[in-house]
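Starting off, we have a lone chain in the form predicted alone, written out as structure tokens.
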Amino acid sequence: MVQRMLNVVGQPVLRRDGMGHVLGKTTYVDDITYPDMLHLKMVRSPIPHARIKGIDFSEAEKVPGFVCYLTHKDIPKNVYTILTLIGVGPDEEPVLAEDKVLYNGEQIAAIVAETEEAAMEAVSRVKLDLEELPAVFDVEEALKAGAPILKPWGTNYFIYDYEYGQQNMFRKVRFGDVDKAFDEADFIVEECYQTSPIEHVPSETTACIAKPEADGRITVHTNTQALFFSLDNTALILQVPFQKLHFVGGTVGGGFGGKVDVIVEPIATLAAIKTGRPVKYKFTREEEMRVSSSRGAWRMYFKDGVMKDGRIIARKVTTYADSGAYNRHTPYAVTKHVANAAGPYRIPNVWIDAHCVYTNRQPGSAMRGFGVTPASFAIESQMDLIAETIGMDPWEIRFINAYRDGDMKPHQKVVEDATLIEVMQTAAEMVGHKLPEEYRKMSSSNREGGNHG
């Protein structure tokens, strides 16, 4: 094993699938086809919040090539089980909407037809009887009294620690005495940082093909990022034995986090079971942009107490994560966020509240370090603002406050193998920034060297 590692570390290694991508020979899900393959398209809500009073399929059924439609009544367990599999609940997003819709584009009913064109034509002929309801699109507005309530448990926020007999409306960190430290600080630096939803824009849109086999199993070709996670969720939703499903992946076609949500596989597999034929369900580019989960929006309020010598002695953070209409992975992202919102810095007094808030936007979910990335954006913007406020070099403010091995993080974890100082020293060298001698002598493994810390 050691010998194999020595042959790889520090050496250029060709990706196993790289040549196929470059030469255009890679087979993606959309390239796969089967004889008698059907196509599934979705009837979606045209408004962000409504009560479903009725659905009329009579005109859709007249379209040449129409095969069948599916509603929530056809799904054995009509709820996504995404978070339960990682120990976070409750599950609250239906596979197909039942009595209400909570965002523009939410799945209401599936149409299965002989061709993609026939499926789309049939979808356009489905008549929805919807009673429009008030909607809320801002995280802080959603928490105010009088806001339209979106969740059956009566709040617009995720309830943490319910399984432990508690009902916390946010994740929190309390470390030291923030108020006392603010009174002692020479400077108070405050700012609000806002991120917007970001679409992943994968090269291949979300897609799968479910094919019944002669032995009773269903083969599912999917561009999911989480093959067995998707298989487990599909089996739970359809209430079938796990071994009845054979998921084939390997080529994601671009994901970045967005293709872990298990949206297309359950309904395509159900359609294949009911029709006995292969079924393809692929998002159009418009659907990928409008209804696939994005990186959610975050609003982060920072307040720091800083001394004249650059030491940050207090940090107070209040964050609102926009989960959109449903959980997806945002409650988990908030947990990661609260553990990182103080940053890689030694701050003796920290107070953090992080809210997971529901709005009538499309659901947010995983994307490249979800929960941590927006925190890093806000933290480092705040560090620059602190440096500007007290008249200190931005490099210097970071070296002064950088955590080192043995420091205690605000969430009660000891720092190990930090290497932050060494990374900053190397970064400065690479960009040609000459550091003062005291910062060149610093080390993450001890506090010798330099005048600070």
Partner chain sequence: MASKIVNFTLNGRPVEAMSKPLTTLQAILREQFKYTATKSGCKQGGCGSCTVLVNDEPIMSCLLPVENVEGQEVVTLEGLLQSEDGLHPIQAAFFERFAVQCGYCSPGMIMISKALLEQNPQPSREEIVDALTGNFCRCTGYEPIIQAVEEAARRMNGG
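We call the rigid core the largest set of C-alpha positions that still match within 1.5 Å between the two forms. All values derive from a computational prediction rather than experimental measurement. Positions refer to the first chain, counted from 1.
A second form of this protein, the form predicted together with its partner chain, is not displayed here; the remarks below concern that form.
Item to complete: Using heavy atoms only and a 4.5 Å cut-off, decide whether all three of Thr26, His200 and Thr205 touch its partner chain in the predicted bound form.
Response: Checking in the predicted bound form: Thr26, His200 and Thr205 are all within 4.5 Å of its partner chain.
Taking its partner chain as it sits in the predicted bound form, is Thr33 near enough to touch it, meaning that at least one heavy atom pair lies within 4.5 angstroms? Output for Thr33 is yes: heavy atoms within 4.5 Å of its partner chain.
Notebook entry, point to check: Would Leu133 count as a contact of its partner chain in the predicted bound form, using a 4.5 angstroms cut-off between non-hydrogen atoms?
Noted result: Looking in the predicted bound form, residue contacts with its partner chain do not include Leu133, since no heavy atom lies within 4.5 Å.
(Q) Residue-level contact is defined here as any heavy atom of the residue lying within 4.5 Å of its partner chain in the predicted bound form; does Arg15 satisfy this criterion? (A) Although its partner chain is absent here, Arg15 would touch it in the predicted bound form, with heavy atoms inside 4.5 Å.
Within 4.5 Å, heavy atoms only: does Ile379 come near its partner chain in the predicted bound form? Ile379: no contact with its partner chain in the predicted bound form.
Would you mind picking out the stretch of 100 to 108, 85 to 93, 342 to 350, 280 to 288 that comes within 4.5 angstroms of its partner chain in the predicted bound form, counting non-hydrogen atoms? This holds for exactly one stretch, 280 to 288.
Quick one: of Gly369, Pro212, Gly253, Gly249, which gets a non-hydrogen atom within 4.5 angstroms of its partner chain in the predicted bound form? It is Gly253 that has a heavy atom within 4.5 Å of the partner.
State the residue from Asp138, Glu116, Asp74, Asp232 whose non-hydrogen atoms include one within 4.5 Å of its partner chain in the predicted bound form. It is Glu116 that has a heavy atom within 4.5 Å of the partner.
Honestly, after the rigid core fit, is Lys25 moving at least 2 Å at Cα between this form and the one not shown?
Comparing the forms between this form and the one not shown, which are aligned on their rigid core, Lys25 does shift its C-alpha by 2 Å or more.
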